[in-house]
Each structure stands twice: as C-alpha cells, then as structure tokens.
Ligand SMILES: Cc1cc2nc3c(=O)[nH]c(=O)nc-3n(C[C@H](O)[C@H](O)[C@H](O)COP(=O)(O)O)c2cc1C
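Just the one chain here, laid out as structure tokens, in the form predicted on its own.
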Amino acid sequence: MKILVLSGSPRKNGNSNTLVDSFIKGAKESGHLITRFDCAFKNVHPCIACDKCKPSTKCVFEDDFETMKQEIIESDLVVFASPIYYYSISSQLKMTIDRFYSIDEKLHKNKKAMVFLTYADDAIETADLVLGNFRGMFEFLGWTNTDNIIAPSLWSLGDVNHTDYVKKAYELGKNL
C-alpha cells in the first residue's frame, strides 16, 4: 500500500509527530511504502484562489507542495496528523490541505484516510469539531475514514509517551 503521512506539527519531537513516527515504524515493518511530508518544515505557499491551476493542475507557486502532489494522487491511504490549536488543525497542515484544490479532480477516487489529533484540552468535543471538518472533506472526496487516534490531555512535550496512543499508532501501521 502507498501511504502518505501529512504531519502538521511544528515540533519535531512533539506529541503528534511521536504518533506519526510510531505509525510509520509499524507500517514499514509490514512492507508498506511511506512518504512523509512534514508541513511545518516545508515551503508551502497558501492558496490564493487565482484559479491558474484549472484545468492544468499546475499551481503558480513552485514550492514543496508541487514536488509531492503526485504522492497524494497515487496514495492508497492518507494520514493527517496535527495538534489542535484554538479548535482547529495547525495552520501548516491547513495550508497544505488548501492546496489540494489544484489537483481536486484527481483526488475524487477511492482512498482511505486516518486522522491523528493531539491536544491539551480534556474535552472530547474539542476533537469533534476538527473531525467534523475532516468528515466533510472525506465525504466530498469519496474517501473512507478507516481509523483515528484522538489523544486529549497532552499538555506538555512528550506527554504522549506516557499513554497507550503510541502503541495504538504502531499497531494501526503494523496491521494495515
């Protein structure tokens, strides 16, 4: 299976990236092909709605999104990982998702998707707001949301290491 992991964490060793690392380890052990795109450490320009990408799919910005958009098109599974900041995903992941617009017509096909969310709040409703946005996007694209990891109450860097979420991420990757 070809898997694209889009990580929105701006901290290299943050809680979200720890889940991503664990998932990738399990998926690689099972022989899957993984591409990881760390949105916060890439040069991705926000979409400016100029529509120059229609119908060519060529964006006016030649940045890191352009170099990996084929990975999105060809992937069987896309994993979205982000901390929740002010009741939404990180801006870095959001900018990357917004650029899907340039290849929108090529994304409407049968794909699987997963969402990994980490946040300091302990209210499950916080994640429900974010998951609602992903559900809408997946429905629009015709993708199937196969599994999610919702990890609340992670106040500090490394808190995820003291939970079962790291093991769950590994097992999700391993058992694909």
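So that there is no doubt, residue numbering starts at 1 and follows the sequence shown. Computed from a predicted model, the values in this text were never measured in an experiment.
The discussion below concerns the form predicted together with this ligand, not included here.
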| Contact between Ser9 and this ligand in the predicted bound form at 4.5 Å, heavy atoms? | yes
| request: Report yes if any heavy atom of Tyr119 sits within 4.5 Å of a heavy atom of this ligand in the predicted bound form; otherwise report no. | output: yes
| query | Going by a heavy atom distance of 4.5 Å, is Val20 a contact of this ligand in the predicted bound form? | reply | no
| query | Does Val78 make contact with this ligand in the predicted bound form, using a 4.5 Å heavy atom cut-off? | reply | no
| said: With the distance limit set at 4.5 angstroms and only heavy atoms considered, check whether Val44, Phe100 and Ile103 all reach this ligand in the predicted bound form. | reply: no
| Heavy atoms within 4.5 Å of this ligand in the predicted bound form: which stretch among 120-128, 65-73, 30-38, 49-57? | 120-128
| query | So which residues in 70-91, when you check this ligand in the predicted bound form, have a heavy atom no farther than 4.5 Å from it? | reply | Pro83, Ile84, Tyr85, Tyr86, Tyr87
